[in-house]
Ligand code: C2E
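Presented below, as structure tokens, is a lone chain in the form predicted alone.
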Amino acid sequence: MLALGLGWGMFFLLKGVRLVALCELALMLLGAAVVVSALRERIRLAAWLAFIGLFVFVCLFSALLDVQTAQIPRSTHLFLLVLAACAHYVFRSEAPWLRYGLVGLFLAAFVVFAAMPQGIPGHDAIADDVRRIGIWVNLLTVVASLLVVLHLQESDSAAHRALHRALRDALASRRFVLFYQPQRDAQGRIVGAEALLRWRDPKRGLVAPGDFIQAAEDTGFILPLGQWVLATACQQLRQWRAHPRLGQLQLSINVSALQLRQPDFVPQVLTALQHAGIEGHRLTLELTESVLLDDLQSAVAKMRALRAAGIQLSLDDFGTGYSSLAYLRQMPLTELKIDRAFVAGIETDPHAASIARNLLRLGHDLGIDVIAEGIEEHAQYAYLRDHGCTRFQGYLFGRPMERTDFEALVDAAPPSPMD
């Protein structure tokens, strides 16, 4: 975008068409804004700036400056095809209505300009002798851009298929394993753990979930993988049952929105508990706020059925999503989990500290326990504890570790409160 705006801007400036040169330079500034947003890791904002800005630019340029005449057809509107193809690729993780809505908007605008009859160029319109050169450049650029987008989509699809096969083989070969991160109470005692999925890949070693969970979501593999996590966690609780300390712990597992949407999700959980022979109150299901974006009433009904069996329900990453008090009152939660983003800024950012205090107060008012994750420093722990937080998780208390290491940590933990 930067190079395109600068190149055409210089071309039209040399031709004496200053208004068009200014438009092209505006395109260059748009490109700079997109680059700055991307460098600041605001990727979604960068994508929206690029697509909306380019859409407006192409439409205005096609309507006012690139006016079709009897000698030279309009060509700028062809870039709307590129925008449609790019939107289909870039917004592949967005909701279908948004992804295909954008594609439909760009294609509809293309049809309008393609069917528009020739007009009378205004005073600021580009002359035909200049457009005669531009039409070939635009055509070649559009074709090359479409080929690049098609190649990216094919490469992305091939990578997803390969990763899906690798995940399926890993599950069949028992290469997935659960790591355990301890959770402590206000007295410093280990009262539970979060079970975190890891993949032991022969080539890449231990793979964190951030490198494969999204692909598992996209391909639907998260469903069998989630069933494995549930069954494994329940069996682990069964093995710990006879241990004087481990037998008292709660174990948390993450549940995706796709899992919760399954019609038989509640029977799956109850069956896993029954086969393991453990009580429901020892298992905590951590749900993300994305469950609120789909069918809230169905989600609440399933949550109530799970609570009736004694299962604990935690709202993960609380404060970063879409929750409202109306939603929280409907959901039979037993725990709110403050996102690490607020914990990290408690000491230096008064806004983060204020948000954390309000979340703690909200949990207290609703009669719900509050756990804070991402605690790395003792000062963070002390601040949250002093303001009513009841449970804590983070590197300060232990990184995610293998089962044997976690069991050894629990055995060695002193019964006295933490200093």
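Sequential numbering from 1, following the sequence displayed. Please read these numbers as outputs of a predicted model, since none were measured by experiment.
Omitted here: the form predicted together with this ligand. The next part is about that form.
Think of it this way: in the predicted bound form, this ligand has a heavy atom of just one of 303, 222, 285, 249 within 4.5 Å, and the residue is 222. Here is the short version: of 312, 138, 256, 232, the single residue with a heavy atom within 4.5 Å of this ligand in the predicted bound form is 256. You can rule out all but one of 82-90, 101-109, 191-199, 152-160: in the predicted bound form, only 191-199 has residues with a heavy atom within 4.5 Å of this ligand. None of the heavy atoms of residue 73 is located within 4.5 Å of this ligand in the predicted bound form.
Within 4.5 Å of some heavy atom of this ligand in the predicted bound form lies at least one heavy atom of residue 375. Put simply, residue 296 is far from this ligand in the predicted bound form: not one heavy atom of it is within 4.5 Å. For the chain shown alone, residue 186 is not a contact residue for this ligand in the predicted bound form, no non-hydrogen atom being within 4.5 angstroms.
Contacts between stretch 394-413 and this ligand, counted in the predicted bound form as any heavy atom lying within 4.5 Å, involve 394, 395, 400, listed in sequence order.
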